[in-house]
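First, one chain by itself in structure tokens, the form predicted on its own.
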């Protein structure tokens, strides 16, 4: 069994856990959720369970206690801030090592046990996002200690562990204390999201992926074929990831949690900045809350705020992968956002969304966003093939 929302065995166990919750007494929902999450992750990937649980219990929980004691008990916010910074830098260092080892074999790990463990971890990047949020929330809010059980449940929640959406600790904590009742309305809503997610991934995304492969197989391309490939690739990424998010939200509902939405009509965006507020919403919210606002955000004004937004998109590219295409992807989207920030481009207000001007901006936004998809092609040769096609008309 794998940690995949397309693995029939994993899906069947998720469904069974969701339905069994109906017969669990209300006071036992928290312990049931934790044990079920740990059991599912342990069956699918023992290494993932061991590493995530070990970091949660041995690193996050005691650090959060110390931050909370300094911040809210002894009223020493400066020391709490420095401890938070050191702890977050430690998590960032772990993420860098994890990403490096995924793309290059680190010489000091070689082919040894550490390399093997890192290579087998599932959803580790998303866990680290949640880990930073957990520490940051204990600095911002005076959250009464409930012991490590809620943290473990948050870290191991099976519906979102592989690819998000990224849940916020304070929201998860509140829902863990009072999960959604498993009634007919929840079953229907969850069933609809799961069915839609499977259709998007297994039918639409599969067909679009086949179309991209068929176009690449033609060999040399011209501008119309490159444009068609980019459009298919753009839609493929949407239906693949939006379908996964549907599955995560649907099964999250069965487990008693309202998982955040990841897509909010991104194709109707009128600027690249607005697009990224509506595409992979939970990741954009995470960077806004944990990087953009703490470093000054819009208070910086003008060029500095635009430069910070550029840097964040560049980091997003590096997070996707430490390779040249992802670097180019981050530069492309970061440059678009930087220019929009300098020029003061704002989304078209809701009440004015109509007419030629509005749809021209929608078309421009989607064209520029879709172009960035070429950097996600499986090889540099494929990317070069499509880019050369754009300057060839015969």
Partner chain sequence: MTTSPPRPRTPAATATLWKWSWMLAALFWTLVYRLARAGGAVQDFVYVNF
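Numbering follows the first chain given and starts at 1. From a predicted model like this one, the values you see are computed outputs, not experimental measurements.
Omitted from view is the form predicted in complex with its partner chain, to which the following refers.
For the candidate set 93, 86, 174, 188, a heavy atom within 4.5 Å of its partner chain in the predicted bound form is found for exactly one residue, namely 188. Taking a 4.5 Å heavy atom cutoff to its partner chain in the predicted bound form, the contact residue among 267, 72, 199, 82 is 199. Contact annotation: its partner chain lies within 4.5 Å of heavy atoms from the stretch 313-321 in the predicted bound form, the single such stretch among 216-224, 175-183, 313-321, 133-141. Its partner chain in the predicted bound form is approached by residue 163, whose closest heavy atom lies within 4.5 angstroms of it. The closest non-hydrogen atom of residue 244 lies within 4.5 Å of its partner chain in the predicted bound form.
In the predicted bound form, its partner chain stays beyond 4.5 Å of every heavy atom belonging to residue 120. Using a 4.5 angstroms limit between non-hydrogen atoms, residue 228 is distant from its partner chain in the predicted bound form. Residues 4, 5, 6 are the members of 1-30 with a non-hydrogen atom no more than 4.5 angstroms from its partner chain in the predicted bound form.
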